[in-house]
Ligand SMILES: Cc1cc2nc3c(=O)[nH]c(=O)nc-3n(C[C@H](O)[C@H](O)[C@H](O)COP(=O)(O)OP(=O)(O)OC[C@H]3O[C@@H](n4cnc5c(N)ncnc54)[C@H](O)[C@@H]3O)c2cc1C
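A single chain, nothing else alongside it, follows as structure tokens in the form predicted on its own.
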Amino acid sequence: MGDVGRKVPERFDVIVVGAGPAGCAASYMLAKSGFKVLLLERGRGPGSKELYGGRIYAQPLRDVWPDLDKKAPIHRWVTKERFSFTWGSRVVTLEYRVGRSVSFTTYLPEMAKWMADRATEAGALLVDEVVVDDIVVRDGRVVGVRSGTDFLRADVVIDAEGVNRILLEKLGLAERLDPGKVAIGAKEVLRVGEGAINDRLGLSKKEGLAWLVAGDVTEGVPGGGFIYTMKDTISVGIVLHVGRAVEAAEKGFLRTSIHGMVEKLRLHNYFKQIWGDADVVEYGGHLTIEGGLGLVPKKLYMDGFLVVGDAAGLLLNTGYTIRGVDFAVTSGKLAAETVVEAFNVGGPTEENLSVYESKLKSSFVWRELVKHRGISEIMSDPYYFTVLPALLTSLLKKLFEADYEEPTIMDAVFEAASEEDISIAKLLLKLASVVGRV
């Protein structure tokens, strides 16, 4: 949109590009500290470009908004964690009952709007439907942004543009997205009804379920399925490793679109009993980070400039948990603290803003990324998404579907491996390498 300069003042202390969780957190904290903040969003309203499975970890958000539990649009608190392996009609499911309020489900657009509203209440100015074309640099210093023919000045620009890092690429801080380091997600939202969700999943009011699925639901491509309960709907989706999906398609192994995979998961007899013939009320798709530390830009700061959230590569998929929104909010919080401190010690110079990277690398976000840095290689290996589900489901079939004589566990393992044409020696070597990485 080229008329943003005629809508708003042309000078700000801070311009934040992107009204997602990271951008909203930074805007809120800076506005609360008295800074003149402009929050720019390319979509129609904050969160309109957001797509997320549905679960957010709460405590890092409470560090920014202490009244989160009472005020935020929380649908359900996750009280049940499930993980399933599928192979044909065979399904193995593990369930854990959560003992406290660690994470909750919500629609990310609702959550982003709530965060943006808090920022505007604190004094930030939000302008949506604005495409930022360039971060403007003069004499080595970031001095504002350009949208169409409009130039908006700022002492600091915070890049919260998300996974599509076009602005960072133009600045030379990030390479073009590597298909091996991103995933594509697609989901359907099913209208089930609050009472039906509670009855069918054994949940009480405000209790929720987070359910991850691995196996042939992705047809051998690294990735998986997810199921999250909202207040009266259920989100069902698939995430695929883009690089591996392209390879499989080129070799002719992958013939089903990601939308087709979501449909197959929704219609799978085991899962369909939860939602029956519920209507699909929403469908969407989105790129997400898969590469862990591999997607962190060359630098997270410049003179007058900071990078936060997905743009900074801050997301972690361990295979059993996915952390992104809380990482983004924490980075926005740390960026805001750094800007405040920089203005107190001479201004937002590169040296003063470099403290942001130190803060980030001292935070739980960076510690988690470093701790689990080997997981990205595992999560991109098709072996773990074919062999393990096939072996495990076949093993349990041998153990629990005997008409007369039941095999010993070891006999069942070898019979299942033989039936699925799996090398036990190779499997043990693979599992040993997993232990070494994680």
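None of these values were measured; they are calculated from a predicted model. Residue positions are given as counts along the sequence shown, with the first one as 1.
Not pictured, yet referred to below: the form predicted in complex with the ligand.
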| property | result |
| --- | --- |
| Contact stretch among 366 to 374, 64 to 72, 33 to 41, 384 to 392 - heavy atom within 4.5 Å of the ligand in the predicted bound form | 33 to 41 |
| 4.5 Å heavy atom contact, V156 to the ligand in the predicted bound form | no |
| Contact label in the predicted bound form: V17 to the ligand, heavy atom within 4.5 Å | yes |
| In the predicted bound form, K206 touching the ligand (heavy atom, 4.5 Å) | no |
| S84 within 4.5 Å of the ligand in the predicted bound form, heavy atoms | no |
| 4.5 Å heavy atom contact with the ligand in the predicted bound form for all of V92, P222 and L254 | no |
| Proximity to the ligand in the predicted bound form, single hit among V262, V130, I274, A342 (heavy atom within 4.5 Å) | V130 |
| Contacting member of G144, G292, G215, G162, with respect to the ligand in the predicted bound form [4.5 Å, heavy atom] | G162 |
| Contact set, 224 to 239 vs the ligand in the predicted bound form - heavy atom within 4.5 angstroms | F226, Y228, V239 |
